[in-house]
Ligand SMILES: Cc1cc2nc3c(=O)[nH]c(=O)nc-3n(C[C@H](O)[C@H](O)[C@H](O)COP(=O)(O)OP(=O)(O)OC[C@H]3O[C@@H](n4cnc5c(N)ncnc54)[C@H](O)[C@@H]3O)c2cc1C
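Here we start with a single chain on its own, the form predicted on its own, put down as structure tokens.
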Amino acid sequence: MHITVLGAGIIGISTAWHLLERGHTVTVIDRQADAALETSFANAAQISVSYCEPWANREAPLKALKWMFSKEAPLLFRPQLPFGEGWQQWRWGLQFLANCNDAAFERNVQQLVALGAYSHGALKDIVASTGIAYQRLERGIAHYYTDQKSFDTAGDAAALMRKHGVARQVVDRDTLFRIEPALRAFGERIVGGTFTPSDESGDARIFTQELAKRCVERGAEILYGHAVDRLEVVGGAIKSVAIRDLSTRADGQNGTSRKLATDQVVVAAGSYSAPLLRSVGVDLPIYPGKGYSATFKILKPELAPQVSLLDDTVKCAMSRLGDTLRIAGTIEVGNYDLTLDSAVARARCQMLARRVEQVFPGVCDTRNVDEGGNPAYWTGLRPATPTNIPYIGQTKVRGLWVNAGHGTLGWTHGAGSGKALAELMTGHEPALAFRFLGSPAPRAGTFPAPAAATA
């Protein structure tokens, strides 16, 4: 079959790779000049199978209400008027609240861990077969606490993960310092932590771009610099995709538009998947969560961390990528805004820089530009669902598939999501307990359908 994949981030390129492995003809469409230049560009760099708790939990409503008045809040809701696209935010929020209970939390964790473990295996298989290097560090993820009350609850979260097969360990402060000696500089503030040795870190952008090159080597066509104008549906089945060349001609106008005939289409366009799918009657509650990151040059390599870290106080992640340190965190549920010059954006970026200096004083150059004048800060839209569980599977439109809604776990779940969808598209059942869109309950376990899916 000829399959067209819309989106060249980690999700789309992983899907393309696994489809090629199964003998399909693949075309990938992306508006950027290369792969992984949007949501996959500068994320937290963590493969965090063990740290996948959904945002929706019983404490989330009160926290979100309190955080609405803080520019630096880990989860910031910015209410929009309930009209047009603003209504999608309100609907998303109501479904999020419906999942803020213990039963839904554990049910959602179960699926996220299952997908994470499956995906981690898929990632290892790709790396073994391709030899892609991407600043990978297989040293686990450590989560450190500075508040005793919060640390006292760490055991419950670790026990829940162990219940689902993930070896998250609660460790005291001294053990944490042996795991990551760089934390000693901040040691007086730390009360303890948790550690999962099986997790890892690496640069999602480098990995995705290298995998995209290998897709082309295997025969894929990747049309960079092309926008998707619409999906063409005839008789309830996908027939073609209307695309437009974004390159500028000599007369100053954009390039040509054309229809790309195809047998099947995979929508893997991150937060932009939802409006595109709604245009053909497929309504999924995927809404953008604006995330922030900073990438700082390391000045003192011997004092910089090697283990990927989670900071419980400000809810951010830190990962070493060669001679730089990536710090990422905070989610802003507002709209499709990608600016970095608003008061809220500046405050959130400054918080990331300030936290690096607090935890690792003098270790990084935390100015807002690097030596070459490139900005240290970045923002991207995380395609979030109310449950944090992505939509992977077939829609009600024949030949139209979706692989989107991964939120902050796109890098963690990317390789496995691509593999699972390729399996589904070739008539096979992926070997994990996960409720795929348009499929019956999984072989192991029974889960309800993702929230309010009408596809």
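Each residue number is its position in the shown sequence, starting from 1. Quantities reported herein were computed from a predicted structural model and do not represent experimental measurements.
Omitted from view is the form predicted together with the ligand, to which the following refers.
Between the ligand and the residues Ser417, Thr387, Ser50, Ser40, the one pair within 4.5 Å by heavy atoms in the predicted bound form involves Ser40.
For the candidate set Ala122, Val109, Val363, Ala328, a heavy atom within 4.5 Å of the ligand in the predicted bound form is found for exactly one residue, namely Ala328. Partner contact region in the predicted bound form: 226-234, out of 299-307, 226-234, 144-152, 169-177, criterion any non-hydrogen atom within 4.5 Å of the ligand. Taking the partner from elsewhere, Ile392 is found to have every heavy atom lying beyond 4.5 Å of the ligand in the predicted bound form.
In the predicted bound form, the ligand sits beyond 4.5 Å of every heavy atom of His164.
For the chain shown alone, Ala45 is a contact residue for the ligand in the predicted bound form, at least one non-hydrogen atom being within 4.5 angstroms. In the predicted bound form, at least one heavy atom of Leu409 sits within 4.5 Å of the ligand. For the three marked residues, Leu19, Gly399 and Thr426, no heavy atom of any sits within 4.5 Å of the ligand in the predicted bound form. Residues of 6-34 that come within 4.5 Å of the ligand in the predicted bound form, judged by any heavy atom, are Gly7, Ala8, Gly9, Ile10, Ile11, Gly12, Ile29, Asp30, Arg31, Gln32 in sequence order.
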